[in-house]
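There is one chain below, alone, in structure tokens, taken in the form predicted alone.
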Amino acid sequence: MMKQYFVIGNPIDHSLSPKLHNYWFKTNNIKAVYDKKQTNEEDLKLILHEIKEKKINGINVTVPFKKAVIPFLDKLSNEAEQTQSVNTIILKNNNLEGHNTDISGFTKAIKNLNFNLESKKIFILGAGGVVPSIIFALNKMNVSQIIISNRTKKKAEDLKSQFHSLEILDWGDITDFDVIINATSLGLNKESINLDFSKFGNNKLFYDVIYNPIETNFLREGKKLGNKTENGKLMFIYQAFEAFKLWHGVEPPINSEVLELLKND
């Protein structure tokens, strides 16, 4: 019997999760298939019910449902609880368990860069999806300050009620930083972020959560100004690695073949 896994979200076209998980199934001889499912909020209950019925063996959750799935779950991991964000769901002892592997995904990706974030000033664009996980991870890395700016200010304020030390900046304003993180979807379709980064000098880190396209305008701009840039590919791979481990009890390979595989079609 083929096991079935899905990633759910909306939009979902850009997701490379199926490519990665199916490759890992093959290399580990696991009889399973992983697919993407464009989902609406009213479908969540049914999909989660299908995991309980063992028709689906596990799902990854992406934007905009990382919080919306929580009411349907029986149990949350400590990190999912603290961030109110779930990206991996598993059935364990007949309980639907929500996990957050984004935190460890982001942490490992940053460690991989050899860019020490301790006592650094971080500026985050966006407040949805993966942002609570990034804030949680940054606090663990002992950054000195996190400033956040989001098009809908209320979303940023909701986050501040969760993480009290956050500072909020109006969208379109800019402040000095050591690290700037684009966690908006601006860049998925080649959009630009209209902020002038040139007045802050160079040697900062420009980090984009987007990994497809490989280089967004935001990263291109950062590079042009003499900064270090990194896209979300490794974070994506590491969060998938942790989900795979949860589901199958196996640590899949992260090697040049995996990186090659995820170069865009």
Ligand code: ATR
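Because the structure is predicted, anything quoted here is derived from the model rather than measured. So that there is no doubt, residue numbering starts at 1 and follows the sequence shown.
The form predicted together with the named molecule is left out here; the points below concern that form.
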- Message: I'd like to check something about A137: if you look in the predicted bound form, is any of its heavy atoms closer than or equal to 4.5 Å to a heavy atom of the named molecule?
- Response: no
- Verify the contact flag for I110: yes if a non-hydrogen atom of it lies within 4.5 Å of a non-hydrogen atom of the named molecule in the predicted bound form, no if not. no
- Does the named molecule come within 4.5 Å of any heavy atom of K160 in the predicted bound form? no
- Does I147 make contact with the named molecule in the predicted bound form, using a 4.5 Å heavy atom cut-off? no
- Can you pick the one in I214, I70, I30, V63 that has a heavy atom within 4.5 Å of the named molecule in the predicted bound form? V63
- Let me know the one among S77, Q84, S185, S104 whose heavy atoms come within 4.5 Å of the named molecule in the predicted bound form, would you? S185
- Message: If contact means a heavy atom within 4.5 Å, which one of 137-145, 114-122, 89-97, 150-158 is the stretch that engages the named molecule in the predicted bound form?
- Response: 150-158
- For 23-58: residues with a non-hydrogen atom within 4.5 angstroms of the named molecule in the predicted bound form? none
